[in-house]
Structures are given as C-alpha cells and as structure tokens.
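The structure tokens that follow cover one protein chain in two forms, given apart as structure 1 and structure 2.
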Structure 1
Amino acid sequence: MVAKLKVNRAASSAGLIVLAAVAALVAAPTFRDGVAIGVALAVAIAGVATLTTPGLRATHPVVVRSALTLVVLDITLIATYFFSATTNFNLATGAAMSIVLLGLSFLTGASGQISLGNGAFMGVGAFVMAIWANHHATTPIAVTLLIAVAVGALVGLLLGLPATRLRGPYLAGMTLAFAVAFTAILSSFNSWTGGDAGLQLPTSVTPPRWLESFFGSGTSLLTTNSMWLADITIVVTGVAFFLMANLFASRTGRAMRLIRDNDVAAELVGVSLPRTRVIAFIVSSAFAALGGALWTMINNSVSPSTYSFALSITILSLVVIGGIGTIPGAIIGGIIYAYSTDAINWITNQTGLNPQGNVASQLNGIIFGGLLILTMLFAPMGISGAVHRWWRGRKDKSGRLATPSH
C-alpha cells in the first residue's frame, strides 16, 4: 500500500513537472526564458514532492536535506532576478556572514568551546583569496575558495592543538590573543598583505560569457544588479549549510554534543576528546575562512581594519542573538548583519545625528549590544530557540485540544 502511494505521488509529480514546463514555454516571451522558468519550476516541484513524502525523513534524511537545500536555493536564485542591486549586495553579504556564524555556532553550540577569534579566521580566508588572486588571476573562483578554506582549516588546526588542554576563560583568552594580534601580523607582511591599505582584486568577478548572453547582450542583469555575486554566494552558502547539517547529524556531531554535555561520559564511551575538539576548531575556522573569502569577492578588496577584534565580538553576538548551535540561528544572524547598515543609516536620518559624530560611529555596537541584552533577557536560546519553543507549545496545545477528555 505504501509502495503504491509512493508510485502515485511520483507519477503526480512527474505530471506536474511536464505541465509546468509546457506552461512556461507557452507563456514566456522567448524560448530560453521558458526553459529557465521551466527548470526552476521543475526543481521546486520535485523538491516539494520529496519533502512531503511520508516516512522519507526517517529512512533517508540526507535525501530530505538535499531536497530542502535545492528548493531554498531555487527560490532564492529566482528572487535575485527581481531584486535591486542594493538588495542583492545585502543578500550576498548576509549569506557570507551566515557561513561564518554557522562555523562558530558549531564550535560553541555543538562542542561547547568558546572562541573570540573567528573574525581573525575570517580575515585569513579574505587575505588568502586576495593574495592568491593577485598572483594567480586565472585560477577559477571555486579553486581559489577551496584554497582559502584549506588555509583557514590549517590555521584552525594550529590553534586547535593547544586548545585541547584549555577550558573556559583560558581558551577564550587564547583565541582573544589571536584576534587582537591578527591585524599586527598582517601589517608585518606588507609585501604580501598591502599593509594598512590592504589589497584590491586584480579584476572584478564577472559571469561567463555564455551565461551573460543568456540574459541578453550589453549590460546584463548579472552585472548591473549584482546578481552574479549574489548567485555565487547563495550557491556556496547552500552547499556549506548542507554539509554542516549532515555534520550536525553525523556521529562526529553527536560525539561533540556529548562532550559539551559531559566530557567524562564521552570518554567512557570511547570518544577521543582531543581529536574531537580539534575537528571542531578546524571546521569552524574553515567555515569562517570561506565567509571571509566570499566577502573579498563581494567587495573586490580587503583591508586589515575590517577584521579587527570588534568583528569577532560582533560575530559572537550575532550567534547568540540568532541561536547558538542551530542552523536557522546562523541564517537569522546573517540577515540581521546584512541590514544593520541600513538600520543605522535610517536611525541617523530620523534622529538627525551627525554621521561623522561619535554617537553615529558607535551605533553599530550600541544596536548589537542592545539586541544581545534583550535576547539574554527574553530569549536565552536566541531567536530561533524562541520560535522553536513557541511552535512546540502551539502544537502541544492544539494536540491537547484535539484529544477528548474522559
């Protein structure tokens, strides 16, 4: 019976995909527009059908995560076609930051280790991206991003090894020292990092000609709307979140949560504390480096002042506000960061503050500090934790109302 239902569902989905493809080809002004719309609709229908298949989450969770990732990417990539250049830039910036937040959320939320140096890890990836691009301009973007991730993971390994013997404030102090010293380290290698002025990418990231021609000749939407940078960042973010979701659910993720809750019990069941803690540092720094490399690509330049200790504090604050140890929390934190500049400009315009004054220059810290205090008071588990708690309470309440009393 279950097999028959699955066959019927698959047949219905295939029929919907065919109808959507035909409708797109008929309604679209050009054939290539129809093909693009048809493919987008087909991915959405297939993904939703997979997500709504009964019992699939329990038997094949990786397939469900893959379908969810494809559906979200499909919707978001379509949305960038209609967004303005400013919105696409904010979307790309928030997506890159969400990768960094996800790495720190894994380190602190899953393994219970405190880090105040993820801004510096982010800077490692940013400068590796810029340095490599200046010396090897023809290297594909994907390869350059992988190199930045590898160097970031190596730095995480070097800091993670001594971290296996440190706990609590001592671990926080070690990562704090790295974050504070990072800008000085960059200034010591002027020939590589460009000193205080930083580095500019030799050429801006441009879409391939075959893809640009698909959107029309001349000034394509891919470039005028910052659509190309947003699309690259969104795809990389989707892959990063998919990998992290699987890591959270893997044996390694479960071992890290056990160490966080009770390291003695973890050792008794055979979990290697040093190895697991080092893995957490490597993963966190690799994700931070990936976010930093994307930032360099988005802004087409990098400066040491960007990756100061203040950025590490901002990252930690955003993780707490969004929800430590949760994937939605990283997304929420990225969205908050993406629109924080717009919020500051709006407050400055509404209050008549001098943009160059002391108060306006400190608004960023004031806003994040205020949000952090409010989160600790009213939502200790972050925004995602509060929403999850509310949703569970709502379901429990509806379940009790639906159950007749005897």
Structure 2
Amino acid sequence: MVAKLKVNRAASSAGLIVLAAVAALVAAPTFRDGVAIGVALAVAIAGVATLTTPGLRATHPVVVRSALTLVVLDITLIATYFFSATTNFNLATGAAMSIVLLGLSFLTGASGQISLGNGAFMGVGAFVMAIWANHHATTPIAVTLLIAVAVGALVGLLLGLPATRLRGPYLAGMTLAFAVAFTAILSSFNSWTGGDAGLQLPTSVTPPRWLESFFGSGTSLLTTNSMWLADITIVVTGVAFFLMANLFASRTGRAMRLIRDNDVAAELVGVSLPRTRVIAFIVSSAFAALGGALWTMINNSVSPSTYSFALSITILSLVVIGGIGTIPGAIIGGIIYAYSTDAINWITNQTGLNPQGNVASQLNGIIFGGLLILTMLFAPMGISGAVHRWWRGRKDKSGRLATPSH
C-alpha cells in the first residue's frame, strides 16, 4: 500500500515537472530563460514532493531539511527576478542579518549564554572581507567569505575561552567590552582598516562569465548586479541555515540544550561544560562574521561607523523579538531588520514629527528598547514562540490530543 502510494507520488511529481518545463519553455521570452525557469520549477516540485512524503521526517531528517532548504531557496531566487533593485538590496541585507541572528539565537537558545558583541563580530567579518579583497583581488569570493568566517571564529575563541568558563553574566559583560572597544581597535589599525572612511572593494562582485555568456548580455535574468548579489547572499544564507539546523539536531546541539536546562546533569552524563560552551560561542561568532562579510559584499564597501555598539544591541533586540532559539525567529528578525528603517520613517511621517528633530532621531532606540523589554517580560519566546503557542492552542481546541508542555 505504502509502496504503491510512493510510486504514485513519484509518477505524479514527474508528470508535473514535465508539464512545468513545457509551460516554461512556451511562456518564457527566450529559450534560455525558459530553461532556467523550467529547472527552478522542477526543483521546487521535486522538493515539495520529498517534503510531503509521509514518514520521511522521522527516518531521514537530513533529507527533509535539505529539501526544505532547496524549496525555500528556489522560490526566493525566482522571486528576486521579479523584485526591484531596492527590494533585492533589502532582501539581501535582511538575509545576511538573519545569519547573524541565527548565530546568536543558537548561542542563547542552545547554551543559555548571551553575547552583546555580535555587532563587533560582524565587523570582524566585514573588515577581513574588505582587507583581504584589497590585498588579493584574485581570490574567489567563496574563499574570501570562508577566510572572514575563520577569522571571526578565531576571535570568538580568543574571547570565549576565558568567559565561557564562568557562570553568570561574564560573557555578556566581556562581549559588551569588546563591542565598545571595537571602534577603537579599528582606528588603531588605521593603515589596514582605512580609518573613519572605511574601505572600498577593488571590484564589485559580478556574475561569473559562463553564466553571463549563457544568458547573453542584455537579458535581465541573473545578470543585473543587485539581483546577482541578492542571489548569492540568499544561497549562502540557505546553506548557513541548513548547517545550523543540522548542528542544532546533532549530539552537540543536544548537549548544549542540556547545559542550558541543567548544567549539573549535563556534566554528570559526561558533557564537557567549558568545551561545549566555547563551541557554541565560536559558532555564533563565525555566523556573525559571515553576515558582516556578506554586508561588505552587498554594499561593495565597509564603514567603521556601521559596527558600533548600537548594532550589537539591535541584533540582540531582533533575536529576542523574533524568538530566541528558533529558526523562524531568526528569519522574522531578518525581515524586521530589512524594513525597520522604512517602518520608522513611516511612523515619523504619520505622526508629523520633525524628521531632523530630537524625538525622531531617537525613535529607533525607543521602539527597539521598549519592544525588547516588553517581549522579555510578557512573551519571552518572541513572535515565533507566541505564534507557535497560538497554533498549538488552536489545535488543542479542535479536539486533538494536547501535547504535554514542559
């Protein structure tokens, strides 16, 4: 019965894929665009078919996770084709930010520690990216990104090693000191970091030759720069989320959650507290560095004023508001970030405040700080936690068995 069901599903998916490919070829302006759209649709259909296969989630969680990543990536990539340059830029900025949020969310949600310095770790990635690109212009972009991540992880190790051995708010305090010191560190290495002006990338990141020659110059698909930058940022974001989801479900991830809930029990079953805590902190710093490196790539430049203490606080607020320790929470936070400037400008306009006035310039801090306090006091699991609870409550009402909550 099950085997027959699987065969039917496979056959119908294959049929759908063929149909989609034909439709794409007919509808697309050029043959090559049609091929691209056809491939994208085929991936989406195959992915959804895999996702909806009953029972697969329990037996092969990694397959389901990769399928989910693929489908979301695929849909978002197609969407960038229709978006304006501004929307693509916002999307890329928000996506890179969501990587940073995911890193902090993991640190806090899994190991119960908190970092107030992830803005500075972003800055480490951002500046390493720019410095390396300025000294070795020929290095492929993927390698430069990895170098930025590695340096971020190294700095994380350096700071995490002393602080994670301690209970209490030492890590929070030390990362705060790092965030405050970061601007001073940057200006101490003026000749490398370009002082107050920051750095420009020597060349902007453009689509590779083969892709351009495939579509031919002049077609809009994949070849405009803002779309290309958004596309690679989204792909990197997808990979980062996929890796994190696996790490979270792994043995290390489980050990971290045990530490958060009961560190004595964790030690009793043989989890090394300091080592696991340091790993969590390094992962969080590396993710922050990746986000910062992507920001440098998107903006084609980096400025020290971006990576002030205020950014670290913004990151913390977004994680808390989105929902600590959850993957949807990081995505929600990234979306909020991408549109926060627009939203605050809108509020300024609607309330008739003087945009150059004292109140309007402080609106960001008042709103984010206020939301931070209110979320922590009244809905500590943030938006994603609240939605989750509402969803479960609805299910319970509709007569299903209530799952015991802890």
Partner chain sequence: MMDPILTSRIMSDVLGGLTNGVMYGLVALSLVLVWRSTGILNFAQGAMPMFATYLGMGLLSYHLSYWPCVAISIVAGFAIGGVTERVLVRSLYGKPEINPVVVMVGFLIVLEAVASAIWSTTPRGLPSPFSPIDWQIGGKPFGLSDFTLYEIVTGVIVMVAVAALFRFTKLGLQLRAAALAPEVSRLLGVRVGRMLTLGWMLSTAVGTITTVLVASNYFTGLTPQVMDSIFAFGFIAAAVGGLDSPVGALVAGVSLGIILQFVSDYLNSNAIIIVALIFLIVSLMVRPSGLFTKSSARRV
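Every residue number counts along structure 1's sequence, beginning with 1. Please read all numbers here as calculations on a predicted model, not as lab measurements. Take the two forms, find the largest set of C-alpha atoms that superpose within 1.5 Å, and that set is the rigid core.
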Specify the structure that is the form predicted on its own; exactly one of the two qualifies. 1
For A338, state whether the C-alpha moves by 2 Å or more between structure 1 and structure 2 after rigid core superposition. no
Once the rigid core is matched, what's the CA displacement of G369 between structure 1 and structure 2 in angstrom? 2.4
